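Consider the single chain below, provided in structure tokens and representing the form predicted on its own.
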Amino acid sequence: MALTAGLLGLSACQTGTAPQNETEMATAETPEIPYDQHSYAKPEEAFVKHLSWQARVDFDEKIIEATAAWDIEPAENAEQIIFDTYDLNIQTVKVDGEEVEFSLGEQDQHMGQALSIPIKPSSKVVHIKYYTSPGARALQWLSAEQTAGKEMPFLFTQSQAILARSWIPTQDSPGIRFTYDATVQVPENMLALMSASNPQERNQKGEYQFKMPQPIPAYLLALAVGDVYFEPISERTGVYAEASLLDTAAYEFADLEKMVVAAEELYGPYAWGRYDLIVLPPSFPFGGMENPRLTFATPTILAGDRSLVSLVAHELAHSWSGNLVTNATWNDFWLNEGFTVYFEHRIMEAVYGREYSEMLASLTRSGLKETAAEMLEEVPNDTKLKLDLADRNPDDGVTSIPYDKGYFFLRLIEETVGRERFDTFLRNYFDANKFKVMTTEEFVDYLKANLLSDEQMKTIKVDQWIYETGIPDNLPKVNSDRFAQVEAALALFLEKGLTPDAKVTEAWTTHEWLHFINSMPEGVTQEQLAKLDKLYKFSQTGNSEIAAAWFQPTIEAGYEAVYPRVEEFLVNVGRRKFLTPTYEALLEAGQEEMALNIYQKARPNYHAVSRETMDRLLNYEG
């Protein structure tokens, strides 16, 4: 096993569904932590091991006042420890109880500032007293009007990729793991939750304690504060949501326990204790975020028919691929996401059947080919699995390539060696490398040593998949009988104007409707779109996936009846997956003025992650 880089001296101390002793933490030799171009930290001199965080959340000022107490591990010749910060207001710093002078480096657009603190080889604890800026990039402060309940404000964080440094001074690299505990003070009648052990009821003082005994990287630090309630699904799973969404969410995620069981049967015990989920307000920029013990999820997956829960399977799968075995740097992002998409499809197959999972795979494949073709013209190097994000925001690497090209690469390996062998390999991979980090090169070595022969490496074209641009010609094929029926129905409509029979469409899932809409050719007429809209009411649908897909052909065709719905959607939904193609469609249709007018209204509702992407897309300067 060629895995020397990235061990942090912390290893798993539990093998069951929950740790035997939540305060126990194993230690080992001083680690070799991989160089990370997106962090100022110099772990070869000193790295963090444990965080004790004391914080007060101030909704009036939109700041968090806090003290971060870090247990550290200095090297024998250590003279300083360096933390990552972004627009943090550092008040005082103490080392082992004694106040010391500190220095802040120059501000970088992506990386923020280095916080340098003098230490000795014998130093044990660094206390940093600080408060966040109102515009902290990880923090989304929502007014009461921007929530479902309309009565109390809301706060949530989004730390991935390198935004944790904007709310906690930390060594913000996926290669550096630490445990943490926290005490958080929030306004009365509000509940605070973190990526840790969580309360299920609010208390009168508004003070909550948290523990995360398993070591995590900084990007998995998470906090949510709001008027939310808890509903159990099983003994170890449950959902948090605002009151008006709680029953809907509990219904939608009723299969949580089944998913956890299916995942464990595939690749080993769930290592994080509980698996809960919180439904956030619609400004959340992603579909979900795999914060340990508490997945953050967008309300856009509340379709009412459990048809979009593959997102939950994806975030659950991250409990193994990503949270348990983590990409060493953001250049290795595919090791998190490609594995997770593969695992997600396997969970969906186990719970809902092969026919269903192959529909998802078919959508994934068509989306990948389209995206890769576009990227080859604009950013060809970003179609490689092993990324080069030097001097760039690592968020630029969040495309379908690490997710879906990574998935099909792993699926190709499975089809080459057989599912039984591949499952054994993956189960051993997760177990052997739990609570460690992995580089692409280490994974290739592990693959050679434990699964593939030299001949199989050549047949699969491993190096081409990982290090070359585009999609190799041995992309696995996907056959979906259900999609073949959809394609036949669409062809009948386009050729003869006959709409699919109601008895047929009543059985269609979201995925079949998505395939129907996405398969419409260029040049579909306004009359054809109006006929479909009248019959199926796509412009009025509450299903965000279908709505966002429907906007593409309608905007392109100049179907004005959809414009009010487009504006309503863009103002109220902050999920970047939907925003980007919809704004792009408006621009390509010559509706730049409409796009900018909508964006000016919508921008205050978006998280910084979405704002930054849309600002670039629309050349918006405020």
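Numbers for residues come from their place in the sequence shown, where the first is 1. Computed from a prediction, not measured in an experiment: that's the story for all the values here.
One more form of this protein exists, namely the form predicted together with a small molecule; it is left out here, but the text below deals with it.
*Sole residue of D84, E252, D332, E337 within 4.5 Å of the small molecule in the model of the complex, by heavy atom*: For this set of options, the contacting one is E337.
_Interface residue in the model of the complex among H318, R293, R137, R411, criterion: non-hydrogen atom within 4.5 angstroms of the small molecule_ = After the contact test, the surviving option is H318.
*Listed range touching the small molecule, judged in the model of the complex by heavy atoms within 4.5 Å, from 433-441, 498-506, 154-162, 177-185*: Contact criterion met by 154-162 only.
*Does R346 reach the small molecule in the model of the complex if we count a contact as any heavy atom within 4.5 Å?*
No - in the model of the complex, heavy atoms of R346 and the small molecule never come within 4.5 Å of each other.
*Counting only non-hydrogen atoms and a 4.5 angstroms cut-off, does Y403 reach the small molecule in the model of the complex?*
Result yes; Y403 sits at the interface with the small molecule in the model of the complex.
*Answer yes if any heavy atom of P281 is within 4.5 Å of a heavy atom of the small molecule in the model of the complex; otherwise answer no.*
Answer no; every heavy atom of P281 is more than 4.5 Å from the small molecule in the model of the complex.
*asked:* F286 versus the small molecule, in the model of the complex: is there a non-hydrogen atom within 4.5 Å?
replied: Because a heavy atom of F286 falls inside 4.5 Å of the small molecule in the model of the complex, the answer is yes.
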